[in-house]
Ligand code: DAH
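Just the one chain here, laid out as structure tokens, in the form predicted on its own.
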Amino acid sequence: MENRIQNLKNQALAQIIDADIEELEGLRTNYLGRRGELNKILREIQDLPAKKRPIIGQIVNDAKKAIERAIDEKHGKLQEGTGKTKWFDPTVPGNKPQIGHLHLVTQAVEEISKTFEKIGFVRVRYPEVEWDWFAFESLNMPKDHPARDEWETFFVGTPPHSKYGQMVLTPHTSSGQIREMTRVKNPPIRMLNIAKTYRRQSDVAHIPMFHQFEGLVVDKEISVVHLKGTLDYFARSFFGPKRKIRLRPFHFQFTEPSFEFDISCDICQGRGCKLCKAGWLELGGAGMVHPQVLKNGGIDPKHYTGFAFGAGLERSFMMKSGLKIDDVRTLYSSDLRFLRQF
């Protein structure tokens, strides 16, 4: 019987060498199946002497293992040749799932917040749906001011408030100035307001919904020097030490004197490009808080002065050194090739 088992094993191993994938499954059934040749021998063991049975059983099991191992190895080689290898090592660490990250606009919100918190500003938030009084009237904007035109502002179709007028989607974070002064009542005030704002604009530098950050400082003996120092600090901390900032005289209804502040373009290094045109990029507006605005906020302008500044968060983020983003709309695209860079 030992010779019979050995012959079956050798016969099976010889057939496995020349078999294809379909033939391998047939050989597995013929030799290892429930009615296969080796199982037939196992059923005959009961007719052998008791001392012989374990020896023959061990020889049959060894033959089974050899044939099964040969079939598996041949199967693996055939799959490798067709590019369908299923090699698997359970000891190899698995692939870790991708971990997401904060959107780059959220990253900018956090970075700007931390930048101003270091010099004493406190982050606040005010409504995105606002009343005309806080958005315009209290900020010295008369009813015929261009900013209050329906082509510039999103008006909400609800009945007007008896005191505060029409409802709007807040066009700027400056509406938070009056709310903050009314809330605090007694200066000092160090406010940083970051919020969504809405305007009917869309091009490489504007989108209908964007974020602004607004700073307001009210205290005794506050001057333009404090404003300039704050903006210089922000420029160096946020944009990098090589970027330059400048102030230009301007006019805003709610500040006097007023300025626009610009920063040198990082796309073209000040040479001029489709984004900046002349080497400088407008960041936002600033100035000393108008006395009438202080009064509207319940602050006595005879005892207190203040400055305010506001800028677009997305535009500011685009101007950071090394980013070279030339279209603000890209920030809100769903292109993962872009988003994964941040």
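From a predicted model like this one, the values you see are computed outputs, not experimental measurements. In this text, residue numbers run from 1 along the sequence as written.
There is another form of the same protein, the form predicted in complex with ligand DAH; it is not shown, and what comes next is about it.
- Mapping the unseen interface onto this chain, residue 309 counts among the residues with a heavy atom inside 4.5 Å of ligand DAH in the predicted complex.
- Interface membership of residue 252, defined by any non-hydrogen atom within 4.5 Å of ligand DAH in the predicted complex, is confirmed.
- Ligand DAH is not drawn, but in the predicted complex it has a heavy atom within 4.5 Å of residue 285.
- For residue 130, no non-hydrogen atom is located within 4.5 Å of ligand DAH in the predicted complex, even though that partner is not displayed.
- Segments offered: 41-49, 61-69, 286-294, 27-35. Contacting ligand DAH in the predicted complex at heavy atom distances within 4.5 Å is 286-294.
- Residue-level contacts in the predicted complex: of 199, 190, 179, 74, one residue has a heavy atom within 4.5 Å of ligand DAH, and it is 199.
- The partner is absent here; in the predicted complex, the one residue of 153, 212, 166, 264 having a heavy atom within 4.5 Å of ligand DAH is 212.
- In sequence order, 172, 174, 177 are the residues of 157-180 having a heavy atom within 4.5 Å of ligand DAH in the predicted complex; the partner itself is omitted from this view.
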